[in-house]
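One chain is shown next in structure tokens, namely the form predicted on its own.
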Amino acid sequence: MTFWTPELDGYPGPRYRAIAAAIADAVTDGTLPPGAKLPPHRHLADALGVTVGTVTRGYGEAERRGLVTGRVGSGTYVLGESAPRSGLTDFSIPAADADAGTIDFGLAFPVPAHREAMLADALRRLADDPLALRDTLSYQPEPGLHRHRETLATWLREDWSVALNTEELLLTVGGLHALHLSLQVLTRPGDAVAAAGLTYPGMLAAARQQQLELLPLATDDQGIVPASLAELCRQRSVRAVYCMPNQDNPTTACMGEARRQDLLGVAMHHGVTIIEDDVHLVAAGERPPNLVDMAPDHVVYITSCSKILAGGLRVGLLRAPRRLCPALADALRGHCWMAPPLNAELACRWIESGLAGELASWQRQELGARQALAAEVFADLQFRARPYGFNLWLELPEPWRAQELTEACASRGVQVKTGEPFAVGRHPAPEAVRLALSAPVSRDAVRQGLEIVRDTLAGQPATPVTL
């Protein structure tokens, strides 16, 4: 605990902003080092002679500026190496020399496959195509080559039943890049945006980096509850809402069609743009119509080739209403001028040759087998999953806590993720863990890892739990 009490007299403006400014100065001069825990709200309020609400707003402003992070039941900490923080720092890619004996359920990679031969063949064919080689070495218009966008739009329409207009598409450097572009065009620093209380850590990082106030929405087994968005919009001016309606990350929830209609109705009534993240690409027969199909003028749609083809290709797609396309092209030019045409060329060649379809079909079968395996091993546990999904959301039995389970499993060579890295602001993380079933090298490894998690839960935590 850091018993830190700032002098606010030298700071102009509202007291809550003065608190945030004092935190910033204390971080700069080292008074509050990385990992330092700020005083409880009531303690600081009493010391400063202000209300608890003022301190709460001050800490919230400091969090929006990227200075601190807070968690219900834990406290507020200065960001740094030792601070408990969320975001992409919790999802670092393992080094090449990482322990090969670890079964890593932490990252939702595509199912391991021999893609190297596919890449080598595509490169050989490209080497014999001088016109395509010229295109891959040349500057291109910001949205990307028309033929690349047309190929990707056809693939989405024919293989995934997502109908997109080529003229409304921009190629991006993966789905996260598309998210950053969307937020840059739809918002300004300080704006409020909303997402499920547990959401994709990339969204947490993007909102923090763009100095947005990310607000949590209530959820149930279908994802975001529309009434929660309506209530938030009555209280605040919300610029955008981010969601993954087909296969939520981390909870795996899928919105029903009526829920989608209700969410769209609330968003349209309040003038809120929906950012629909569909990077996991779910077959049409396993989901209702996409939000972008239901209300194209009010939805920005994001997908990519990372989960279906290969993460290293970094080929993303951003679809937006035409009125937003010029601004998005300007933003993309400012980021990287254009997405690398070589990457898009390789992805399109996989698609045109039929290899992409074969790979997607094989991965679907493998994911289905892994989910069936999990249902067998976890038959006596409570969990959520999609039949062909990448992830599984495991709700823990008493007296287990998520952090205790991750530590116990790690000691036995299995990596899982708690809900903490997915939590928006001060939204409490439930006692649950996410397992990415797609990542391990084989079904045998999946079974072994699942059995270790199950057997660990059958015992008792190593330390007593204080309730």
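A quick note: this is a predicted structure, and the numbers were derived from the prediction, not measured. The numbering used is simple: start at 1 and walk along the sequence shown.
What comes next is about the form predicted together with a small molecule, which does not appear here.
Find out whether any non-hydrogen atom of L181 is located within 4.5 angstroms of the small molecule in the predicted complex, and reply yes or no.
-> No, L181 is distant from the partner.
Partner contact for G106 in the predicted complex: the small molecule, 4.5 angstroms, heavy atom = Answer no; every heavy atom of G106 is more than 4.5 Å from the small molecule in the predicted complex.
Is there a heavy atom of K307 no more than 4.5 Å from a heavy atom of the small molecule in the predicted complex?
-> Flag for K307 set to yes.
Consider Y77 of the chain shown here, and say whether it contacts the small molecule in the predicted complex, taking contact as heavy atoms within 4.5 Å.
-> No - in the predicted complex, heavy atoms of Y77 and the small molecule never come within 4.5 Å of each other.
Is the small molecule close enough to R64, Q210 and I275 in the predicted complex that each of the three has a heavy atom within 4.5 Å of it?
-> No, because R64, Q210 and I275 lack any heavy atom that approaches the small molecule to within 4.5 Å in the predicted complex.
Contact residue in the predicted complex, from N343, Q371, S228, N249 (heavy atom within 4.5 Å of the small molecule) | Exactly one listed residue reaches within 4.5 Å, namely N249.
Sort through Y301, W393, W350, Y200 and report the residue having a heavy atom within 4.5 Å of the small molecule in the predicted complex.
-> Checked against the cut-off, the match is Y200.
Listed range touching the small molecule, judged in the predicted complex by heavy atoms within 4.5 Å, from 360-368, 266-274, 143-151, 170-178 | Within 4.5 Å of the partner lies stretch 170-178.
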